[in-house]
Structures are given as structure tokens and as C-alpha cells.
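A lone chain, given as C-alpha cells: the form predicted on its own.
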């Protein structure tokens, strides 16, 4: 059995990981569960898997006593302890920038990394891949789009050398058909009503604003070592085609499956092998697939991401941090939906040049978040 550490075990990714494990009971053994604040859910996991360690990274003042590791430092110690006891794979489903440090800790400890936390690559891909090469460990993407590209390139020998472009699909979110005037009036409740995916609040807002697709563009550039103009985005409301690759001879290949995160998670857990367990195969006769170009005027966070991917340095850190803070402000109803992009663009007007090191990443992250709250005129006007 493969021992697995599940970081962010009580979130949507963690729950899907547990479902995959349940369907493959003889293949995987969870040895670590982490959560940010939901200590009670963590205890329930501990009762179901009594041999697993439990780590609560936040809200430690009210933490149940049965939790083994407390706080940020406790989580990092838990990761190291699991690796020392033979755990070879960490699944990182932690949301946002908080997932970066656990990713690096897992790599430093010598564990392969099944990565659903896109911020790890967006913020510090250069550092992450350097550490992974030094430790000779694998980074397996779990995002449905990047998992699809990863699997397609593996399926075609020499594909990376013949690659012309990567095409990431976007659902378009709940606001695809709205006008700019209508977008100015949408509420957090509206944004959280995603038409095809069930996700956490922050990533669902990012899907509505297309910031999530912007982050995925930056991630694809770093994951697959391609220039930004080789990464395309196309809106596909059915979320059945997860990504496509086009080769230099014009041929195109796509990965299709129902919009279910268990599929890419299972691919990551079994890597480099495949599982015979299936999650609801597609009935092609019932499908109608639509594709359209994204509206970059209505959703400016997508073209902003291309500028950031081209600029590199610490610009991706600033983009991510500003968007995280702006999305939180929107969820708190302190700003309007269209203000998210305005805030991110204003933050990116600062100078974010510099060498990407772990310390520089955290300094830029802190500075960008501070910049958001320094935009008093914009926030007051909102």
C-alpha cells in the first residue's frame, strides 16, 4: 500500500482524495491529515483512520486535544515525520498562498507531490522545480486542466518537442453571458453558484472572474516550460474537454471526462501507473460540446495574467496576492465584483522585479497584500 499525506484534507480536494482511496482500499493508506481550522472534521478522519497523524495549521486556540500537531510549524514537523516513517507522496489541496510552504516542506522531505495548490507553481515555480530536481522527486499536477496536459504529453512520445500550443478550457463560470452592467451588480451568492464544478468559495469566485484561468495560464507556462503565447484559453461551458494540445503538424489531442476532480486525483495517486477503477464514463451520444473565445474586456484578469506570465520575476506573486485579498473583500461585500480586477491591476502597476527566492516571494506577497489595503480611494469608492 502507498502511504499518503493529505494536506487540506477537510476541503473539496481532500474529500475527493478520500473518495478515491475508498474506491481503491487495498492501494493507499492515509498517514497524515491536515486542516486549517476544522478540528472537528479532522478528529472524525482520525477516528476512521486511527493510524494517521492529525495536524491543525490554524485556529489552534480552540483545537481539540487529540490533534497531534498544532500551528504552521506543527504542520511542517508533521510532514517531515511522515516522510521519515516512509510516506512517499503528499497531496496538497490547501487553498491559496498558504499551500506554498507545505509543498516545499514535502519536497525537502523527499516526498513526491500531487499538486492541486496552483499557487505553489504560480508564486515559486522556479524554486519548487529546482528543489524537486535536487531531490529527484516527481511533481504531478492535479488541476483538471494541467493533469490533462500532463497525461496527453505522457501518452505521446516526444510530445514536448513537437508541441505547438497548449489549450486550456474554461467553463466561463456563472457570469459568462452577463453584460458589464450586469456584472457590476452581482453578489457573492451569485458568484458561488458555479454551473459545473463544486469547489471552495475562493476558487469559485476566481472562476467567476476568470482569475482562476489566469493563474492556470501562469502555472502552465512554468509547469510545461512554454512561453505565454503558446498557452491558449477557450471557453467550454460543458467542462467535458479539460485541455487540448496541438502539435507542430497541426494535429490536436484532447482529454475528455465528466467534470469530476476524482479523475485527475486518481491519476496522480497511481502515478506512474494507471488504475482500472472508473468514475462514470462519458456517453458520447448525449453530448453537445460548445467552444467560444473568452471575453477579455469583461474579464480583464485573464489578459492581465498573460502580462504577468511574460514579465515573470515577482509579478505572479503580486497577481496572486492581490487577487486573494480582493476576492476576500468581495466575499465580505466590501467591494463590487468588477473591483477585483481594478485592484489587481492597480497593484501590478508597482515594481515587482527581482530574483525569485523563497524570502523574496514572501516579502512580495506581504507587500502586495498591503498595497491592496493602501488603495483607499478605490476601496472607499467601492
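Numbering follows the first chain given and starts at 1. All values derive from a computational prediction rather than experimental measurement.
Not on display, but discussed next: the form predicted together with a small molecule.
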* Structure fact -> Within 4.5 Å of the small molecule in the predicted complex, heavy atom basis, the matching stretch of 36-44, 348-356, 309-317, 332-340 is 36-44
* Using 4.5 Å between non-hydrogen atoms, is residue 96 touching the small molecule in the predicted complex? -> yes
* **is_contact(residue 198, the small molecule) in the predicted complex, heavy atom dist at most 4.5 Å** => yes
* **4.5 Å heavy atom contact, residue 57 to the small molecule in the predicted complex** => yes
* Does residue 105 reach the small molecule in the predicted complex if we count a contact as any heavy atom within 4.5 Å? -> no
* Structure fact -> If we test each of 302, 245, 261, 137 for a heavy atom within 4.5 Å of the small molecule in the predicted complex, the one that passes is 261
* **Proximity to the small molecule in the predicted complex, single hit among 116, 90, 220, 211 (heavy atom within 4.5 Å)** => 116
